[in-house]
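First comes one chain, alone, set out as structure tokens in the form predicted alone.
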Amino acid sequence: MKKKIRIASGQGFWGDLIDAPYHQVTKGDIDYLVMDYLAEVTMSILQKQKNKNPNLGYAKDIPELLRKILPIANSKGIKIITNGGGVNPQACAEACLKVARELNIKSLKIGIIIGDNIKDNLDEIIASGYDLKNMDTGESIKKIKDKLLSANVYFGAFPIVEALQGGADIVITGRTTDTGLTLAPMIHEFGWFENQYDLLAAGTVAGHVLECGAQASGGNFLGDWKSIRNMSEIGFPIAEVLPNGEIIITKHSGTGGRVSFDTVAEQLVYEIGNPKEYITPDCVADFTSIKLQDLGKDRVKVYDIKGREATNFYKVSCSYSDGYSAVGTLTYSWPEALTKAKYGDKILRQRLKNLNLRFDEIRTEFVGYNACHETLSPQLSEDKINEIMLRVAVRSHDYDSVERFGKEIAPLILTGPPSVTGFAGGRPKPNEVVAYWPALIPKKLVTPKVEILEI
């Protein structure tokens, strides 16, 4: 058993700093690189890509990233874990093996986790008595089943552990919890058991800290953000973990950003519900038990975390088609920019009404005034406003109404208030609205499967 392992965050989402993984494997010692690519909407995007091309459906950044970091990781013995396999871990793994062969890597094992995609099994699941009721509304998934784009179960850490125990150098999963990516190496290296709930909770908390990348090391910091140094070269967080579940959150020496009590504490409260019940497939962590100690020099100790047994359910993340939307913008300049923008909005709405178009929602924002804080925005004197962007969005199940809306924006330039600019990109086109359907499914109905591919 190792005395300590270092697990580095390499991505907080698909589209995060593309060089962060390279810096994590080159600027200091780490044992594992974990990269979180998935969000709920990402799965529907990937499923659409796979529907068009069966060889797609994963984060296409990954193979080219491996071209850059795999020789380094291979020589240093760094293992890589990512959920960037999306809805097609097999194709992602094959693309990565192709890169490895081109790099003349002689030995490489890639573990893939499949079985999370249940879209094609819904009829069987419903027939067994489980309607995958919406966790917010209680409605049966039968209501939107014919409009489903994706349906994926959130697996946890233990399928990844199985892949690591099978000798995988890289593990590529589908829809796996963000925290499971980080917890798995701890279970594997330290031999933690499924009933050691405090240890599993500690690893889960560490995963929660790492899952959003540099958000734990000074990025997006709500505190004294101006004091965060060298954010242009911000270092992503690293979890140093001991077998007893004690964790030190840190980053590579010499990188920008900051790891402090405040940056870690702020990340801990990100996207959680009941802090006493942070529910994952592996355990239920009690975030109110967490203790933090700032050790200085970008090192924060996280310890004394309590957990309890996991539930008998997996969460299911479903997406479905729910109509169409479009967004149009115009910019009005001083003087009376806000007055002009409001009047332009009034004219537009009346024209849409005169055309008898059907919308589920019309939403107007005055960017530069109330787009972020809406009704909480303070009143501003017109002479202090240099320009206002009018942004109008519509949503409807009627495609033709949304399309016609797009043709009514540009005419405002010459048939509305003066001093308008900022129209670019042509008429706004209807886009499919993707809605989210969260549900629960008994674990007994779903079985993760681990495969090992190698050269």
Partner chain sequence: MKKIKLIKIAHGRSGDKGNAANIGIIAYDEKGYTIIKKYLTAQKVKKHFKGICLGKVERFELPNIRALNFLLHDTLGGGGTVSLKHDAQGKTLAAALLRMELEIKD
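Residue numbers count along the first chain shown, from 1. The shown structure was predicted, so the numbers you read here are calculated from the model rather than taken from an experiment.
Beyond the structure shown, there is the form predicted in complex with the partner chain, which is absent from this document and is the topic of what follows.
Per the 4.5 Å heavy atom criterion, the partner chain in the model of the complex is contacted by stretch 357-365, the sole one of 175-183, 357-365, 77-85, 153-161.
With a 4.5 Å cutoff on heavy atoms, residue 266 counts as touching the partner chain in the model of the complex. By the criterion of a heavy atom within 4.5 Å, residue 380 is excluded from the residues contacting the partner chain in the model of the complex.
Contact check for residue 192: every heavy atom lies farther than 4.5 Å from the partner chain in the model of the complex. The partner chain is not shown here, but in the model of the complex it comes within 4.5 Å of a heavy atom of residue 291. This chain appears without its partner; in the model of the complex, the one residue of 224, 123, 146, 309 with a heavy atom within 4.5 Å of the partner chain is 224.
Only one of the listed residues (94, 131, 233, 262) places a non-hydrogen atom within 4.5 angstroms of the partner chain in the model of the complex, and that residue is 262. Along 408-447, these residues reach a heavy atom to within 4.5 Å of the partner chain in the model of the complex: 433, 434, 435.
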